[in-house]
Every structure is written in C-alpha cells, then in structure tokens.
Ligand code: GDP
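One chain is shown next in structure tokens, namely the form predicted on its own.
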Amino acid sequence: MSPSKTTNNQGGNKVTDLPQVKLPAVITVKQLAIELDIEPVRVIKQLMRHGIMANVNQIIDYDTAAEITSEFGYTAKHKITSRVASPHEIQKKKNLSTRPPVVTAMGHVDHGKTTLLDAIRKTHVTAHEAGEITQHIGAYQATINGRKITFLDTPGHEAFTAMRAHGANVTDIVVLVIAADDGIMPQTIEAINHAKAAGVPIVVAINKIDKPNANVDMVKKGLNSLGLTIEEWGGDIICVPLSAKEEQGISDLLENLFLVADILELKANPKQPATGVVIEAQLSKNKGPLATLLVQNGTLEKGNVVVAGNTWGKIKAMFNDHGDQIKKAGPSTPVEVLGMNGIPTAGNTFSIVSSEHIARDMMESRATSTTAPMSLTSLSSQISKEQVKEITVILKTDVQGSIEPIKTSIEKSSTEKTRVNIIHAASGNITESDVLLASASGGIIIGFNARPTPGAQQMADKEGVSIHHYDIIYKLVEDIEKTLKGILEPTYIEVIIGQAEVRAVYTSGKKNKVAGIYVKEGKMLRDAQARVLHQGKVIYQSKVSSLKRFKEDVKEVSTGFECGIGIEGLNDFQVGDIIEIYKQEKAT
C-alpha cells in the first residue's frame, strides 16, 4: 500500500491523492480485508449493500473489489502479474511448512463433547503437575506420534459461528459428537448446518458405544437422512465409534483427523509477522485484559505490537495452555497474551504492526459502521439488477410439521437465475444461534408463527440481520417468489421498541385489569402497538391504553423500571406474560 501524497493540478489547487492498493484480477474477501487492514466482516457488509452475499473465502473480481476499496478511502490499481515469480514470492513459498490442524468439537448437549476432549487431553497432553490436568485457556495442543493437533474448547456451534460472523474462520475440521444411545438430536442438526455453512469438513465421533442401549446403526441412518453418508455406505464422511468414558477409539479418531488434515494440505509461513484470531478475552483483577489468541500464520513474539478489532497492545507476556510463559508461538498455536489496552471481541482478527504509534493511528481510523438489514425488499431490488444469484435463508416454524411443506414450497420458487438456499430449518423460537448463522452466512431469517427471543432480536439489530414474520404460508411463498423475480413491492417490517415481563395483575375500576410490569429491554410507550405473549405464543394484539408510574400517567418507561400498563381490550393478564411494544417501518 503506497502512502498518500499531495500534488498540484493545472489550476494550481492542491489535490490529495487517496492511498493506493494494488489488487489482482480476482481476490478473496479475506485477502481484500487484509489489503485494506480492516476486519473481513466490514467488507462482507459493504458487499451486502451492493447485493452481493459473500463469505470470507469467496472470490470477487477486480471491478467489485475496486469499488469496495474506494468506499473505504483507497484507490485501487491493477496488480501486474507475471508468469515468472519474484524472488520475494519464491522465498515466501520456500518458507511454507505444514501446520497443525485446528479442530472444534460440536454436538448436542450431554452427548460427550467435554468428556471426549478431556480424554484426549488426559492421554496426549503432558500435565503441568504430575497427576493433574488443568486447562488454562479455551484451547490446547496435543502431540500424537510427534505430530501436533490443536483443539478449540468452545461452548459449541454458537461460539463457532459467532467467530465466523466477525469474519474469522478458525476451524479446519469439525468433530461432530453423537451419543450412540440417543442419536440425532436438534442441536446435532444445528451443528451440522453450521459446519456445512462454513464449508468445514466433518468427522463424526459416535460416542458412548459402551452403553447397553447403544445403537450405532441408528446414528448412521440418521446421518444419511441428513445428507451425511458415511464411507462404508459409499459416502465421504469418516465415522469413528468410540467411548470417551472408557477411552476406547480415541487413537482411531486422532488418526482420522490427521488423515483429513493431510488431504487439506494445511500450510503456513512461520517466518512472517503473526496474524490470527481472538478465541476469547477476559478482564483479570490482577493482570488486566487477557486475550487468548490463535496464531494462524506467522510467528507471534513477546514485544510485538498487536492490533485486534478496536483494541491494541504491546505483548508484555505470553502463556501457553499450561500457564507457562513462552517467548514465541507459531502457526496453529493458542496463547494467552498480556498487554492489551482493552478486551477484544471473540472472533476479532489480529495482526502485528511495526509500532505503537501506527496502532494508535489505526484505532482512530477504525470507525464503527452499522449496516441496515438486508430485507426481502432490498434483495428483490438487487435481483432485478442481476446483482444477486442466491438468497440464503434460515427458516424457523412453530411446529415441526410445518417445516417440510414450507421448505419444499420455498425451494420450488427458485428460478434459473436466482435460487433459494435454506441452510437451516427447525421448529421453536428464533434464537441467537440463528441470528449468528444468518450474520455469518449473509442470510435472512424467516419465522412462521415463530418469534425471536429478546436476546435474538437485540443481536439481529446489532448484526444487521433481517427477520421476517409470517402466519400464512401462501403469503410467505408469494413474497419469496416475487423477491426471486425482482418484483416485490416495498413492505413494512416490525421494529421491536421494548419488552417487559408481567410481575403482577391488578384490578382497575369495575372490570378493567392492568399489569404491573418490569421493563427488560427498550422502553414502553403509551398509545403504541402492543402484543402479549404467553409461553412464547402471541395471544393478543392491540395498543397500550394506559401507562403509569406511582399513579402518575407517563408517556414512556425505560429499561430497568417498573410501571403499570393497560392494553386496550385485554383483561386476562397472567404473571410471566411478555408484553412487546413495536412499530411498523418501511423496509429499505
């Protein structure tokens, strides 16, 4: 990247040239983000504004990259390529070496993810003290027959996808853990869909084969019904039966993980400055901000100046997964670092800069940008301009029986030019996991009689994810069809203003009842549209007829306060009901 400079034009006025970025004919989203020194998620969101749904590994052409580059304050120039590699490129290739694979375990709760990781750790990780195994950070390395392998001990697919949503692909292989006595469960399906959306190879570990009621064939059949056909049935999915509790089959699993890693040909250059991703971060009372970093390329050294998201720092100390101080960390190595000026966000990418002055300048230039949700209306507009070829959808319904007919109807709506890709479909409320998957995949969420949880709605607003609600199937399908044809008229979307919980019910006058509520999020507004939810189901819709605090009429009540509320026409409040205040806004 060349520095900016000032020149004189013919009229004598000074013109400041924008800093230049040299780009090849095609470039991945991730590489463009590196060239612009910004987080990949910002590039993804900018592409979304142009109607291009891309992930970090997607390739875009020069014209598109140049346009995005200009919007971040740079000017693009063609990078001239030659058939003869430069000495620098030759040297860079010479320095490439095989790196350890990074593995994440996923699966349904209680299917044995933690037990499996503990078994691997106990067998193959040297204890810091004799007889004691302590996991110091949320990742660790094991050594098997002289080869290293890195495991991320994340809470599950939510954390995995949260990192993708922030622009970081940290995992090379997913181990899908399924209990042989329980089979395929809802979170199993979620984990599969999250792994598929990330394009990460899956190795299945059928756990608990020691149980009397274990049924390995049942699991294999369940996998096959979900499109994961195991090798012995003619597919390409490696499947390893094991017992984490009895430590049986662990070696077989590890051998297969290395086999997949060899096929992937994972390489990195340890002789360049480190880049990688933040796995987790916390504030220590004694040490201040501590960040767990996974080095993906290059070598991280004590004294390096690190920039991660909106934080930076000079590394004062580094600790490995046993808590020992180390001075260097190469590719695929997890380390905990001390010296950051704040707590970075899990999923932030990090890089090394040459000085603290540059780090401060970068922090000043990194303005937080917000993105309007990519609604069906805006997608329709982009499709009409032939700028979008695929719509990614997460479908949630109130009951399991609604999934297949809706899914089939939506998929039939695909045209020759534009298709619908449903990457996850399930029954139940719209959750934070759904929002993260939509954010990471550049998709939208469609809810059929399904509501978002308060946390999910808040996250959707933050991540710029569009949630569309329907209670009539034909209307849902009709909107999808019009979107794909590029003829959907502007519609109105709901914006949740506030949510409150009913804590008590009082009689007001002869017949009327009011609810004593606690405002959990946003605010309550008098005369606003309102709905009442009982056990997650909408039971009544009307408007706020009264709003009082200490017997005084008020116009609004904010988060954290209690008040009395009346809903026009409703006299059947129950303690525990949720009251939602919302408005309709024109979709952009």
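Values in this document were obtained by computation on a predicted structure and should not be read as measured data. Start at 1 and count along the sequence shown; that's the residue number.
Not pictured, yet referred to below: the form predicted together with this ligand.
Asker: Is T188 one of the residues lying within 4.5 Å of this ligand in the predicted bound form, judged by heavy atom distances?
Answerer: No, T188 sits far enough from this ligand in the predicted bound form that none of its heavy atoms falls within 4.5 Å.
Asker: So in the predicted bound form, is this ligand close enough to K211 to count as touching (4.5 Å, heavy atoms)?
Answerer: It does: once this ligand is placed as it appears in the predicted bound form, K211 has a heavy atom within 4.5 Å of it.
Asker: Report yes if any heavy atom of H108 sits within 4.5 Å of a heavy atom of this ligand in the predicted bound form; otherwise report no.
Answerer: The answer is yes: H108 has a heavy atom within 4.5 Å of this ligand.
Asker: In the predicted bound form, does P452 have a heavy atom within 4.5 Å of this ligand?
Answerer: No, P452 sits far enough from this ligand in the predicted bound form that none of its heavy atoms falls within 4.5 Å.
Asker: Spot the stretch among 111-119, 401-409, 426-434, 273-281 with residues whose non-hydrogen atoms come within 4.5 Å of this ligand in the predicted bound form.
Answerer: Among the candidates, contact is made by 111-119.
Asker: Heavy atom within 4.5 Å of this ligand in the predicted bound form: which of A244, L294, A500, A438?
Answerer: Looking at A244, L294, A500, A438 one by one, just A244 meets the 4.5 Å heavy-atom criterion.
Asker: Considering non-hydrogen atoms and a 4.5 Å limit, which listed residue (T161, T483, N207, T104) is close to this ligand in the predicted bound form?
Answerer: Checked against the cut-off, the match is N207.
Asker: Given a 4.5 Å distance limit between heavy atoms, list every residue of 271-307 close to this ligand in the predicted bound form, or none if there are none.
Answerer: None of them.
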